[in-house]
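First, one chain by itself in structure tokens, the form predicted on its own.
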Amino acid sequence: MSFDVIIRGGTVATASDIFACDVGIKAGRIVALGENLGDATEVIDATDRLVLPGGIDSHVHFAQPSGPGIVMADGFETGTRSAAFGGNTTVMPFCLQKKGESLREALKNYHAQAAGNCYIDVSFHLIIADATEQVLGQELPALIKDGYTSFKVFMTYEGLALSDLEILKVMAVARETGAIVMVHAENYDAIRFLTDRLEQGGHTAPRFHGTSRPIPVEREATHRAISLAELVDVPIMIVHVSNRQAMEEIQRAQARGLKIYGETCPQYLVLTERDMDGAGMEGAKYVCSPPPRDLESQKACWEGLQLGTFRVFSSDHCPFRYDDPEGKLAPKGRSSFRWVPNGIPGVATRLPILFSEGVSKGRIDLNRFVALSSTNHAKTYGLYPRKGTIAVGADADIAIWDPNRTVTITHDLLHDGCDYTPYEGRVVTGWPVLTMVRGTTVVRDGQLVGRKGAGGHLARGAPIPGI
């Protein structure tokens, strides 16, 4: 057989195995694994390199409405480009339904923004902000049949937070259709109460963002979300878990056999609340929700990754420019932390941070890295085995890594639409040197070689239970 591409001489790793072999690719799919595969139009030398499934980041925000006077820094062009530089081959952004808007209309508009602009593949989650009878009874079930098999509900934020009754109704639709619900678990009323009291006391600097969202706010909401899911008997993903107490709520549910999954993110492994205490508004660069915690919380999140409490590791890439009145420097007259857009960029740095802090430092092995960065995302959200593994028949979505390369993270390496990275100056060991989507190289040796528009949208099936 003649191949389009052969990746030769590398060490292949999946979520379960590590082995030396060549990878034969034809028509965008992996068609052979072995030695002496023969001829190919292109041969890629992967000697002394790791050949891994391309990263799947199942929690990113691109081109999302963010409130009056605030503009998200990344649309689909810059967002998918940056993801590719970070070794990712699929990202899963959120299509936000506005109050009074149909889900179909929201999706139509979101697809229009993505069309022709993506360097890698995308697949949309839905955000349910207006849980009307029309949405829950007609639109959502029909869209699940069309391959939108995951949706997110918020327990906080003005205009997004759903009541417990509304969340139960959304979960009931997921139960009836085999979909999965993602939950942002923070208590909205508690946050509003604390925010008001802080502002009344003159405590408005960015560091008070963390004070307004302490661990009990997240722990309580996590417990409540799990209780609601137990009532309906539906799988849920608690996203961006930041601390031990919330993690232990998930662990207790898992020990009782409930289908409760967890996700954590880089900011909870390497940032702390002290990062929000910079001079002036510098701390705004680190404002996200939930906020970075303390060193004990970092330790807990690593334990969650090691023990399997957290099924996936995502970036929660939510980018805003810093030196911009439409970004982190809130509009004039709104100088309180309340108005700082919640979110930080991270789609390109997610995998290097996990590899360096996890694999290179011995906290996790290479198989778990692959599971947390790719395979479990594909299984959880209905993309496996087309995505998330290196196997005959799978899409040739591959990232080749130099496990020994030492890189100092600087913003210019990331190619996003932001003007900063919260990880500036951090030294990492291990870096993706080639990213390939369906057999076509997108990034090679730090250079963009792929074509805008080559990435497409993926319809999905039901989640695969278990790991």
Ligand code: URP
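Model, not experiment: these values are computed from the prediction. From 1 onward, residues are counted along the sequence shown.
Form predicted in complex with the named molecule: not shown, discussed below.
Single option in A371, M155, C288, I120 placed near the named molecule in the model of the complex, where near means a heavy atom within 4.5 Å:
Contact check passes for C288.
Heavy atom within 4.5 Å of the named molecule in the model of the complex: which of R219, K379, R311, H184 fits that? Just give me the one.
That would be H184.
Though only this chain appears here, would I128 touch the named molecule in the model of the complex if you measure heavy atom gaps against 4.5 Å?
Contact with the named molecule, no.
Using 4.5 Å between non-hydrogen atoms, is D316 touching the named molecule in the model of the complex?
Although the named molecule is absent here, D316 would touch it in the model of the complex, with heavy atoms inside 4.5 Å.
Going by a heavy atom distance of 4.5 Å, is N342 a contact of the named molecule in the model of the complex?
Close contact exists here: in the model of the complex, N342 approaches the named molecule to within 4.5 Å, heavy atoms only.
Answer for R49 alone: is it within 4.5 Å of the named molecule in the model of the complex, judged on heavy atom distances?
Flag for R49 set to no.
Region of this chain that lies against the named molecule in the model of the complex, out of 242-250, 111-119, 380-388, 342-350 [heavy atom, 4.5 Å]
Result for this chain: 342-350.
May I ask you to list the residues of 46-67 that have any heavy atom within 4.5 angstroms of the named molecule in the model of the complex, in sequence order?
Contacting residues: H59, H61.
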